[in-house]
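Have a look below at one chain only, the form predicted alone, in structure tokens format.
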């Protein structure tokens, strides 16, 4: 949220989860994330080092993601993490809040609910990758994982190509009904399949799990597939075979995170790929990289989740909530 957006207000904005849902839709999230990826690639925006730790209580992971976008004037951080026991309490396992600061004077400008925005910006990131990297004639989309974020992922992805079928796998089959409902809502066929069969059918695959071992193997992936790996954001997590990255053209949101805590960490460690083998998605957006070069090429997006994505959608939410009278204003 820029100074101009709130020039007459010196107070602190409080933007609730409900307000975020009201003012941020998939299209606005897509635009915000695509723009920030482009800005990062141009060198106009950068992320600060991520802090993410197991706190030794409630099996929780907690941390901070932060950064600054000079072009969008977004400065701030997201604080939160993952509490695996929350679902049993009727809460979302992912919990976070976004803090926005005025880059001109350092004052806190807004506190923005981060749970819905985290889901919608993560879905927007994979959707941006599909828009720029998937084959134009892609018809079948595969979903690996059926947790809270999976329905956000599928809805956003279905808008990027003329898909006519969804194939899905999840360890707990009961959860697949949520993805089936999204497919039916979109008028698209749905089938529950095993992982290898999913890879045989799918032109685009999204992985959105908390796995610590590969769920997709290199030999299962057919030529021309685009894969968006969206679940690996911590050291040790892994969703796909490291050798798969060696056979693919690899893109990411941020290379430093990709090689240290993203899906590429394992391929880098094993020597299957080098850091120079990874390209930012922003380079493809800006036209500095051609993106997909042939219909047989396998492309893979390593979506690690960067703080600038959170700041971009939170800034848009704060601006729109203020304009629409859906933000509270207080003085500190």
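Bear in mind that the values here come from a model prediction, so they are computed numbers and not experimental data. Between two forms, the rigid core is defined as the largest C-alpha subset superposing within 1.5 Å. Positions refer to the first chain, counted from 1.
Form predicted in complex with a small molecule: not shown, discussed below.
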Review point. In the predicted complex, which of the stretches 133-141, 67-75, 181-189, 204-212 has residues with heavy atoms within 4.5 Å of the small molecule?
Key: 204-212
**Study point:** 237, 218, 165, 200 - the one with a heavy atom within 4.5 Å of the small molecule in the predicted complex
**Key:** 237
Revision key, fill the gap. Assert contact residue (the small molecule, in the predicted complex, non-hydrogen atom within 4.5 Å, options 154, 98, 120, 230) equals 230
Exercise for review: Could you tell me if all three of 39, 259 and 282 have a heavy atom no more than 4.5 Å from the small molecule in the predicted complex?
Suggested key: no
**Study point:** is_contact(residue 171, the small molecule) in the predicted complex, heavy atom dist at most 4.5 Å
**Key:** yes
Exercise for review: Report whether the minimum heavy atom distance between residue 146 and the small molecule in the predicted complex is within 4.5 Å.
Suggested key: yes
Check your understanding: Once everything's superposed on the core, is residue 184 shifted 2 Å or more at the Cα between this form and the one not shown?
Key -> no
Review point. Do you see a C-alpha shift of 2 Å or more at residue 87 between this form and the one not shown, with the core held fixed?
Key: yes
